[in-house]
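Listed next as structure tokens is one chain, alone, in the form predicted on its own.
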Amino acid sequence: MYHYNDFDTAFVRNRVAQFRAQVGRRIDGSLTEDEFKPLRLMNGLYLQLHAYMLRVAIPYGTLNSRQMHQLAMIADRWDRGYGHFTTRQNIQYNWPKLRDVPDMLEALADVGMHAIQTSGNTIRNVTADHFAGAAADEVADPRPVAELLRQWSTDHPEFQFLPRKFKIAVTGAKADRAVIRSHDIGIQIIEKDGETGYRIIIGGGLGRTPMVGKVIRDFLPSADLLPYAEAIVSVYNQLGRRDNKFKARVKITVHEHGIDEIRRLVEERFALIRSGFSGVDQQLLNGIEAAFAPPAFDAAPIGPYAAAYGADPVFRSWADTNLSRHRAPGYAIVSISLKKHGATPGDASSKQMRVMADLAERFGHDELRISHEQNVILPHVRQGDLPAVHAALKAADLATANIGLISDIIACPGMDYCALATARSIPVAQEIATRFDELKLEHEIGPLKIKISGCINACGHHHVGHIGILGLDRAGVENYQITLGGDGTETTVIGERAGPGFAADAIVPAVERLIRAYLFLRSGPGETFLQTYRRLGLSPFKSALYDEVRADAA
């Protein structure tokens, strides 16, 4: 993985020192909150509902054990002993005191981490496929490209005050595990006629106006990536709406001008600036790629795995749901669920962080990933070591066998923490997971993605959930709308709103009616909820949601 060079280290340390002085001036009253706000946001510090929140970047979701140990230490020393992993592959600390934030940033800098550009109208943390470097279907590891984009975008003098925040995601696989079509720019590494290049997608996004991104270039040669990205952001910086923040994202710019006009302007800008990129960016990329050389995989015996799989049903259930195919024989990708039934999705205690760090160091070539689905990945584990890994996870309450199932729910912090939220998300996720654990149905239900947002900003990605839940305020009362049929993969679709919303005490029964209808309607155990929905459409699910309620009321 990439390690900071001297320039990186000096840059981050200088930013910490600068912010320490700004915090001091805020505390002594020299800066008002209005004056301090843009300064703190540039360093990832929000003012939430009850306290400050520090959002720390985990670029393209990659960590080593030392960094995870440091995140645990920060949670213990300056927060409340836990951290919250987000859909942007960040970690958030929800309870820091303002005076302690510079020390937290200093501790992050000690391990090559920071909170720069995790907020504000700038290019945010670049995200990537959480199976990067390990996936069997991968054309190329996307992390070197993501790191190149991170270095290019950090403190870019032209792009610090964009019309609105700007998000980039990269994948190097055929399957889209990075939701690239829901980003301002989505990048897919592809091969065409023996040449490796990029498919470039622009104008995706969720929020109050969800849109699926459009292809602006079907194939871009590798050497053109940085100037083309610069051309896109430059055009957006000129055309993006600054008169209305609700219409300021690039998706609206693409919608208002049309993809053909945006493509014309981008290509025009690209032709103008291309010669200014003399190849230094490609030399830099070559060095970055060397830093991401794969570990030395070995053909370790898989006997312990086979024995445990045959003899231990608990291990077998975990293996069937939480393991994915690795590119190297004798290895597996381990997904660690942060979604124990009844727990807060994405939360990990400091103790759990240390367990995961130790497992990565001992069994996982010292690598971890954070997924946009708020779980943690050990990307390179020998199959023979899986029983020992499972035993350690089980002892730490991290062995829930539910990856991809109904209790593996994405949920934003909602009104429990967020000042923008209009409803709670966490309790709804907890109640759904607990209910279906009681019913012992989730393995029978099979693959199903529920995503919950506590406001229209859609940080919980509800628009692309197979079942999406949006919490709103209706005259001071929490009301939950349901969307169905959303998909965040390579076949991205925005979910369809089912109808009127449900009260807080009615949303879990509504989800249960949906699931029972699916089990009745599916063609067989092999047909997933999404496949059934696509075959039959909204009508039978809408009937399940509302006809029974109407009958009870009659």
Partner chain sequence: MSREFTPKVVTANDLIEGDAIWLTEDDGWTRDMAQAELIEDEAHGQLRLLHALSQHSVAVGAYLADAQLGECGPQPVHFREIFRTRGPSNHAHGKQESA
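Positions refer to the first chain, counted from 1. Every value quoted in this text rests on a predicted model; they were computed, and no experiment measured them.
Below, we refer to the form predicted in complex with its partner chain, which is not included among the displayed structures.
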Contact label in the predicted bound form: Leu47 to its partner chain, heavy atom within 4.5 Å: yes
Contact flag, Glu478 vs its partner chain in the predicted bound form, heavy atom cut 4.5 Å: yes
is_contact(Arg26, its partner chain) in the predicted bound form, heavy atom dist at most 4.5 Å: yes
4.5 Å heavy atom contact, Asp347 and its partner chain in the predicted bound form: yes
Proximity to its partner chain in the predicted bound form, single hit among Lys351, Arg242, Arg99, His257 (heavy atom within 4.5 Å): Arg99
Heavy atom within 4.5 Å of its partner chain in the predicted bound form - the one residue of Leu41, Ile494, Val508, Ala51 that qualifies: Ala51
Listed range touching its partner chain, judged in the predicted bound form by heavy atoms within 4.5 Å, from 521-529, 30-38, 496-504, 58-66: 30-38
Any residue of 400-435 that, in the predicted bound form, places a heavy atom within 4.5 Å of its partner chain: Met415, Asp416, Tyr417, Ala419, Thr422, Ala423, Arg424, Ile426, Pro427, Gln430
